[in-house]
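In C-alpha cells, one chain follows: the form predicted on its own.
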Amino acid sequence: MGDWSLPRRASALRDRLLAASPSTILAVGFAGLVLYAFPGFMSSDSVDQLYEARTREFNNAHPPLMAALWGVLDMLVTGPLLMLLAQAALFLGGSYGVIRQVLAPRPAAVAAVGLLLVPPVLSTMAVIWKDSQMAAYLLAGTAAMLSPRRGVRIGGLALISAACAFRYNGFAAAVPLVGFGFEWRPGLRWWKRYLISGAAAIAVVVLAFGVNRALTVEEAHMTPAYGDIVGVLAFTGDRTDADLRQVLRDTPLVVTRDIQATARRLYDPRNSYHLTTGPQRMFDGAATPLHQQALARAWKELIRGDLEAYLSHRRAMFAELLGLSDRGLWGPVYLGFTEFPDHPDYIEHDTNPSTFQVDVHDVLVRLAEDTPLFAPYLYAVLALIFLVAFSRDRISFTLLVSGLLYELSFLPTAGTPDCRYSHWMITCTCLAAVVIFVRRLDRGRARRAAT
C-alpha cells in the first residue's frame, strides 16, 4: 500500500501546484527566498551601510540613497529584514511583470519564481547589497515602463533612477532600459519616441547622481589609481627609480627603491586592497588634497605613456571578473549576518544561520565549485549569442544590452572580481532567454497554424 501512496501524494501535489493562482505561486517563491535568507545576510559593505543608516552620516564610499532608505525601514523594524522583504518583493514583482508581457499569468508566475531560484541569482538576492537592491528596482521599473498607463510608466522611471543611485556605475544598466524601453505615448514616430526616451534616460541618471550628492555628508576619496598605477608598472617596459620617483612625486608612495620591481611583485589582477594596507603596502592613503592631485596626475601620465600596458592590466582584471581564471570565483555564495568580530557590537545585530540555511548554502557552494553555473563568462557568451542571433523583440534586446553594458562598465572600474558584480548581467540573460523562447515558440505555432 505504501508503494502506491507516495506516487499518489506526489501526483496530488503536482495537481495542486498546477491549479495554484499566480499570487500563490509568487508568494511561495517569495517565502522560499525569505526562509533561506532570513533576516537578511550581510557583508562588511552591508554593515557599513546599516551603520550609516542609523547615524545618518552618509559617506559616498557607498551610495547614500540606499543608506537613507534603510534608515527609514530600520526605524520600523531594526536590522536587515525589511530591506530583504523589499528587494525580494520588487525583484519577483518586476520579473513577473516583464514575463507577463509574453506569458499568461500562471506560467509567468512560475517563470518569475524560476528566475529567482537560478543559483547565481538566488545567492545574491539573499544578501543586502547594493547589487541586489539595484537589480530589484531595475526589474520593478522595467515592468512599470511596460504598463499601458502613463502614470505607471513615469513611476517606472523613478524606480530606475533609484536603482541607478544604488551603484555608481548603475547608469550603464539604466540608460538602455529607459532609452529603448520608455514610451511617453504609443504611436509616436520613432524619432520622437527616442528623443523623449533619451531625454528621460539623461534625467534618470542626473537625478540619481544629484540625490546622492545632496545626501552625502562626508566625501571619501575613491579612485582606481592605486591598482592602475601598479598595473601599468607591472606590464610596461623597465623604468628606473629616478624616473618613477619623478612621475610619482607628491603621491603617498611608501616604496622609494626598486619601485617597479615592487609593483611587479605586488601586482594582483584579483585584488588591489593590499597596495594601501599592511606592512607590505606600496602606498599610504591619499589623506591630503596634494596627495590626491598628485595621484590623479601620475595615474593619467602613466596611462597616457603606455596605453597598451594599461589595457593589458585591465583585461587581466576583467578576465578574473568573468571567471576566466583558474583561481576560482570570488564570493559566489555568501552566508553570514556579520563579517568581522566587532560587527555585532558595531550595529547591535547578531544571529547564526539555521541548519536549513547552512544546507542550502552547501548545495550552492558545490554548484559554484563543481559546475560552470556561476561562471559569468557563460552568461556573457549566451547574452551575445541571444543578442546577435535570436533577439527580435524590444524587451529581450533591451535586457541584453543593459546586462552586457553594465558588465562592461566594470572593465575600467573593478578593483576586485566579486561575483555579485555580474548579477545583473546574469539576471538579464536568463530573463531575456525566457522572452526569446516564448516569442519563438509563439511564432512557430503561428506558422504551423497558417499552413
Partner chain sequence: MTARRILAAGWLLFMLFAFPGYLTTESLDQLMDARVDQFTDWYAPVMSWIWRLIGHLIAGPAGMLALQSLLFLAGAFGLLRRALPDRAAALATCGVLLFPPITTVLAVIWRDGQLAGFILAGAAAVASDRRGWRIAGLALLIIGATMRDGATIAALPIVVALFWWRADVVGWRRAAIAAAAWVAVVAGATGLDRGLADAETERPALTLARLDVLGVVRFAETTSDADLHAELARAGLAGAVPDDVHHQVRILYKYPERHAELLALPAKDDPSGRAALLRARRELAWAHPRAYVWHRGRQLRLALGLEPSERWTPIYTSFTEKPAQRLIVHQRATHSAAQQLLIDAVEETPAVLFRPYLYAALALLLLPLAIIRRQRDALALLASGLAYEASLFVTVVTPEYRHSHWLITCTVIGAVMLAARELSSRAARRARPAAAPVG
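These numbers were taken from a predicted model, which means no experiment stands behind them. Numbering follows the first chain given and starts at 1.
Missing here is the form predicted in complex with the partner chain; even so, the following discussion is about that form.
- Every residue in the set D345, E348 and T351 has a non-hydrogen atom no more than 4.5 Å from the partner chain in the predicted complex.
- Note on the partner interface in the predicted complex: the residue among M222, M75, A104, L307 having a heavy atom within 4.5 angstroms of the partner chain is M75.
- Checked against the partner chain in the predicted complex, the residues W70, F386, F38, F410 give one hit for a heavy atom within 4.5 Å, which is F38.
- Residues within 4.5 angstroms of the partner chain in the predicted complex, judged by any non-hydrogen atom, belong to 76-84 and to none of the other stretches in 116-124, 268-276, 76-84, 201-209.
- Residue contact with the partner chain in the predicted complex: T355 places a heavy atom within 4.5 Å of it.
- Contact annotation: R54 falls within 4.5 Å of the partner chain in the predicted complex, judged by heavy atom distances.
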